[in-house]
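This document starts with one chain, in the form predicted on its own, laid out as structure tokens.
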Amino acid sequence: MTNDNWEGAIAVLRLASQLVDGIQEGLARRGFNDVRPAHGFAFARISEGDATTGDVAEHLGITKQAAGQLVKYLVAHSYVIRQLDERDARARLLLLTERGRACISAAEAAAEETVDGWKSQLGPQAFTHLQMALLMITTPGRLRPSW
């Protein structure tokens, strides 16, 4: 990898870290200091609907046991509830609670604040160019962790 490409890759990773850190800080300021980035990725899958713990595991790229612990934490902290799946009596669907939906809204607001900071640094025109370039090179699809 050439030095320019390496520096570009590092810059993108730093930008992603800044966004995650900005969301975490914004969540804490809004009273959601008990959630972590992995929880946000789980919320992304659960909010799509018809999600089971197995679906969360697949989405996050982790074992069902690890997803089970994560879901147990979210249930214990009143972000998610489990509900019987009418299509499969053995399955439990995961649903966001009002607190879970409020956490997502808080994360969205925190992300917007972070991005607004970048827009202020770059200016509106340069930010629009950056945003267009990122949209051109990113793959559409589910929001999922990169680990």
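What you see is a predicted model, and the numbers here were worked out from it, not measured in a lab. Start at 1 with the first residue shown and count on from there.
There is another form of the same protein, the form predicted together with the DNA; it is not shown, and what comes next is about it.
The partner is absent here, but in the model of the complex a heavy atom of 91, alone among 91, 104, 95, 111, sits within 4.5 Å of the DNA. Checked against the DNA in the model of the complex, the residues 33, 78, 121, 69 give one hit for a heavy atom within 4.5 Å, which is 69. Across the options 40-48, 96-104, 113-121, 54-62, residues that bring heavy atoms within 4.5 Å of the DNA in the model of the complex belong to 54-62.
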